[in-house]
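Quick setup: one chain, the form predicted alone, written in structure tokens, and binding and motion questions come after.
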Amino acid sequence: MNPRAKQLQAEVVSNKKVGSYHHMVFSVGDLAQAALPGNFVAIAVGGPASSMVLRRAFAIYRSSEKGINGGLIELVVAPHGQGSRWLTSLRAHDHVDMVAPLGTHFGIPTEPVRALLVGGGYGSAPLFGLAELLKARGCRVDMVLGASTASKIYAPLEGKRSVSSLTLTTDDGSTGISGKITDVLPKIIEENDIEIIYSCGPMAMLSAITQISDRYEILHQCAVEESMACGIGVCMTCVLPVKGDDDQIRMLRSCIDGPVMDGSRVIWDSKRRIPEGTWGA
């Protein structure tokens, strides 16, 4: 478990609907200093009398230290299920039981590099804070955001302000380029001499990006999207097969060994089965 994580009662500072999603800001005091792009939070949902006993995990959109009461953590929440709908119904000054920051974070290069950030749907949320950190290190940052339709691309205008170039793709052609995110990656990689890819989004998308990064021999750091029931490494519901430096496959917990992982190490074609030769199998 992330040694910097703490449990606290976080106050809702604001809750604004942005397209299909909610942008929520929480006051977390000094805890914001420990939150980095790629980390996530686990929130108890439904209130004290709720039958929803499991916390819900949400990727950190951005963290800052400029709140009135100290630091802030921002989330982008899609109100799909009962828990997320409860969360997005909260108002300013309400409180939630939060554990943060959890999981691994994206690695930030010590020297300027040419980085490509790729996000699918609201899964792209952690990339905005990452783009700011990379630009502060002198990196060139290109970004590709994609979704099934225009309304599901989060904050495209903010993305445009945050990076050197922004490319949008939609499956239905409602905005940007019609097609999949992966359709545009080879051209961007070649034209901009990309040295590293950072990605967030559906697992199928991450797998397809890894095939491209392997072809170009580019490092690919991705935030995997496995379902998490506890978020702290206890329940074992978020395991996935990953090959280590010793070439041994192990079933790792994405909540504590991830969510950020080296895409080339993940066994993407396991189809939720334990691959042959996995340690302990």
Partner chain sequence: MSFSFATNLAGSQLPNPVLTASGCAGSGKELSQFFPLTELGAIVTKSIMIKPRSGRATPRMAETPSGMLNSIGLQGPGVDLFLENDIPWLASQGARTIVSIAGETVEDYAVLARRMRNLPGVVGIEVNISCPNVENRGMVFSCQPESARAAVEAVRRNIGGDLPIIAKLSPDVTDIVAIAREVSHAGADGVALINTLLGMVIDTDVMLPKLAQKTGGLSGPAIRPVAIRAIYQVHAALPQLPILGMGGITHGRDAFEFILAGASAISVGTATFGNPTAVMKVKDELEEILIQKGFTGVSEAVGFAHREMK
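Note that the structure is predicted; figures quoted are calculated from it, not measured. Residue numbers count along the first chain shown, from 1.
Although not depicted, the form predicted in complex with the partner chain is the subject of the following passage.
*Among 212-220, 58-66, 30-38, 232-240, mark the stretch whose residues have heavy atoms within 4.5 Å of the partner chain in the model of the complex.*
After filtering at 4.5 Å, what remains is 232-240.
*Contact label in the model of the complex: Ser264 to the partner chain, heavy atom within 4.5 Å*: No, Ser264 is distant from the partner.
*Distance check, Ser227 to the partner chain in the model of the complex, heavy atom within 4.5 Å*: Heavy-atom contact with the partner chain at 4.5 Å: present for Ser227.
*Looking at the partner-bound form in the model of the complex, is Ile189 within 4.5 Å of the partner chain by any heavy atom?*
Taking the distances in the model of the complex, the answer for Ile189 is no, it never comes within 4.5 Å of the partner chain.
*Give a yes or no for Asn15: in the model of the complex, does one of its heavy atoms lie within 4.5 Å of a heavy atom belonging to the partner chain?*
Close contact is absent here: in the model of the complex, Asn15 is far from the partner chain, nothing within 4.5 Å, heavy atoms only.
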